[in-house]
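Given next, in structure tokens, is a single chain: the form predicted on its own.
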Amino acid sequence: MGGTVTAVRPMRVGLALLRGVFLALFAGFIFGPLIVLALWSVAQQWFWPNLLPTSFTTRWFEWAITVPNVLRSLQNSLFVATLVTIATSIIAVPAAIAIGRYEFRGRTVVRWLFSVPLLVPYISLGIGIASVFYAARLTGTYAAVVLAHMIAALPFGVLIVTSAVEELVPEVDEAALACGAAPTAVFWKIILPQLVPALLAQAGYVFMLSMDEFTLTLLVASPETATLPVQMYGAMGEGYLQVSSALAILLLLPSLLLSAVLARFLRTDLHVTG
């Protein structure tokens, strides 16, 4: 008996060590690039085989803040992402309710059409969009960038909200209608409050997707309407790794701030509901 316990104990230690190694490797795989990015954004000198920069500086952020093109690109990113998020939410709610709640002819085809942009490579999608926008003389405008981002983001917005709509209990709406409630009141007071977590999730995802979008923006934007990822691409192409890292951190900050706000709001909302 004692020998069995003695044999089992090293096995448990070994399994615990193996789990620890696996978690460490997984964390390194996920957070390693972000750590390297943050280090490059403040590195004055960093040469192999040094594991850390030998000197640090904030000049790359100072450069990013003072260069007019960078600030304009960041403002463009925030402006476009906000418009895309609002427009996608306005379209996603009725589309999701129609697809997830009602039976109608062509419902499967409509759901499939919303999924098509997810199946097409962005470069192929972008060339088609750019050719249409060029013919319509939209290329280089904010409208072109917003519409291009919406084509990429709308499927995610609709599918996320549709999943939430399919989880709703239709008997609640039917009971409210049977009691004399108007359809608009049922939507605003019963359906929409239940969809708030899904709407916040899709809004956050669409905002981050728009902030990060590069391929479609490059094909339809002009230097005046280009977003920050396009500016980062130019800096990387010229070999400015530290500058590109600083720009990437600037691009990351709005998404992190939005994620924190949404997480706090959702925790509060779920706590009140519970």
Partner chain sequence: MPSSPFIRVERLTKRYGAAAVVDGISFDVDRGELLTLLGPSGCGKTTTLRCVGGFIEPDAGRISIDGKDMTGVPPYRRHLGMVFQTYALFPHLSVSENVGFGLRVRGVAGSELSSRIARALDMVRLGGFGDRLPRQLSGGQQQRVALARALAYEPRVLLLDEPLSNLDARLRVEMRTEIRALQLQLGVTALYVTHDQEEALSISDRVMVVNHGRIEQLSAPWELYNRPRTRFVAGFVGTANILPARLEPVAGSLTLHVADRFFLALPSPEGLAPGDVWLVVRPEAIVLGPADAPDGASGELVAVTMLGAQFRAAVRFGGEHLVQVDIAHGGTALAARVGDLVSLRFDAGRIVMLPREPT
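Rigid core here is just the name for the largest C-alpha set that superposes within 1.5 Å across the two forms. Numbering follows the first chain given and starts at 1. Every value quoted in this text rests on a predicted model; they were computed, and no experiment measured them.
FYI, the form predicted together with the partner chain isn't displayed, but the following is about it.
K.L.:
Quick one: from T141, T82, Q194, S163, grab the residue that has a heavy atom within 4.5 Å of the partner chain in the predicted bound form.
P.N.:
Contact residue from the list: Q194.
K.L.:
From the list I86, I190, L78, L71, which entry has a heavy atom within 4.5 Å of the partner chain in the predicted bound form?
P.N.:
Of the candidates I86, I190, L78, L71, I190 is the one lying within 4.5 Å of the partner chain in the predicted bound form.
K.L.:
Hey, in the predicted bound form, does A181 get a heavy atom within 4.5 angstroms of the partner chain?
P.N.:
Heavy-atom contact with the partner chain at 4.5 Å: present for A181.
K.L.:
Does any heavy atom of L177 come within 4.5 Å of a heavy atom of the partner chain in the predicted bound form?
P.N.:
Yes, L177 lies within 4.5 Å of the partner chain in the predicted bound form.
K.L.:
Should L200 be classed as touching the partner chain in the predicted bound form when contacts are defined as heavy atoms within 4.5 Å?
P.N.:
L200: no contact with the partner chain in the predicted bound form.
K.L.:
W188: with the rigid core matched between this form and the one not shown, does its Cα shift 2 Å or more?
P.N.:
Shift of 2 Å or more: yes.
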